[in-house]
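Next up is one chain by itself, shown in structure tokens, the form predicted on its own.
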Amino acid sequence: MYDAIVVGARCAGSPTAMLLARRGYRMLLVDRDTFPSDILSTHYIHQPGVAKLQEWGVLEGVLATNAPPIKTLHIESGGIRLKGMPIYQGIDFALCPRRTALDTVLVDAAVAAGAELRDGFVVEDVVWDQDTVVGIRGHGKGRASVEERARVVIGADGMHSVIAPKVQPQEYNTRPPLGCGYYAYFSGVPMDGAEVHFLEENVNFGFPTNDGQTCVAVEWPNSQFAAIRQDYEGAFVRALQGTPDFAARVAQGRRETRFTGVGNIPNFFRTPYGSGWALVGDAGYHKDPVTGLGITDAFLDAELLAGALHDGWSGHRPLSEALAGYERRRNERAFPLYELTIQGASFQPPPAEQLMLLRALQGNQEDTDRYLGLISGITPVQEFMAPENLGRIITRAGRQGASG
């Protein structure tokens, strides 16, 4: 019998298994895919996520895959451009590794910590003892079904989780799908950091990734998904024309992969625990990819869940209390960023107040970095958006303008 079975071995599951295995717990990590393998993903890692990689001792392994440190973030909204890179715990860069590279490093770290890996393993169902989950039933390729038992089954298997519908968690703070998108990888695109361009009808992205390639992506309103699917390459090229300089640089390059697309992206929170089960990462909380928070949130949630399970199993406090604390701490961090994400994917013109703030930030690098830290969770939203802080920034800009 295992202490926990983790279903899903990518950026939420492998860290959860790794952290618990390092504490001496017996862990089984399963995934329907084998590794290395790709998966649809924004794969941007904000500085708090990079800090976790460093803390866990796996950052060097990720950097060794030729994923370049991203030292500058360029943001455009309402025709106003800002650039910078906030520092978090000494980390002054973001990363955008391919999932073929990142997930393999994380899986290897979990196995090195002592977790047992079964990749290519399909979970068919959870096993119940009355109202408590006590294990899983599944099979490897070409093999008969088997049952494995554990104190806790953890669903770390993404927004289309197999585990979540089996345990039927409550969903809350749901929002309708807002965006749809396509992306591909290009070589030979000149880049100075990452770029996000918020336009009236779409958002254009560029992120340097492994081996000198750039992930180029476009997001549109979800209402356009059916039409865009009919000519996604043409729609992609037309969308890039809204940022002529970026489009010209992409045109210098060469597309190295097929386009990957997604629509009807759900936005929800789920109660992430119950009797004998827990959810982590996108299985427990999912949002539009416009802010690129998925992997960073998965890392932070994995650490919260692993800590809660350890507290419960070691007797520091009752397990139910520890898991309730996991949900509370997750939500305290995630709710403000979720609202920023919903706003960013609304495809509405920036209000006059936001344009005033963006103009005031130009030439003010310190506050620009703090502003850019909002979407990564470095800068507390309530603190930065407090009227007195916004007033200070705007007043400072007015004084500088007058003196200039």
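In this text, residue numbers run from 1 along the sequence as written. Keep in mind that what you see is a predicted model, and the values were worked out from it rather than measured.
Keep in mind that the form predicted in complex with a small molecule is not shown, yet the notes after this line are about it.
Every member of the trio Cys11, Asp282 and Gly292 reaches the small molecule in the predicted bound form with some non-hydrogen atom inside 4.5 Å. Among heavy atoms of Val122, some come within 4.5 Å of the small molecule in the predicted bound form. At the 4.5 Å threshold, heavy atoms of Glu60 stay clear of the small molecule in the predicted bound form, well away from it. Shown alone here, Ala156 lies within 4.5 Å of the small molecule in the predicted bound form, counting heavy atoms only.
With a 4.5 Å cutoff on heavy atoms, Val7 counts as touching the small molecule in the predicted bound form. In summary, among the residues Thr42, Gln47, Thr368, Thr341, the only one with a non-hydrogen atom within 4.5 Å of the small molecule in the predicted bound form is Thr42.
This chain lacks the partner; the member of Tyr326, Phe186, Tyr183, Trp277 within 4.5 angstroms of the small molecule in the predicted bound form by a non-hydrogen atom is Tyr183. Partner proximity in the predicted bound form, defined as non-hydrogen atoms within 4.5 angstroms of the small molecule, places exactly one of 347 to 355, 25 to 33, 60 to 68, 375 to 383 at the interface: 25 to 33.
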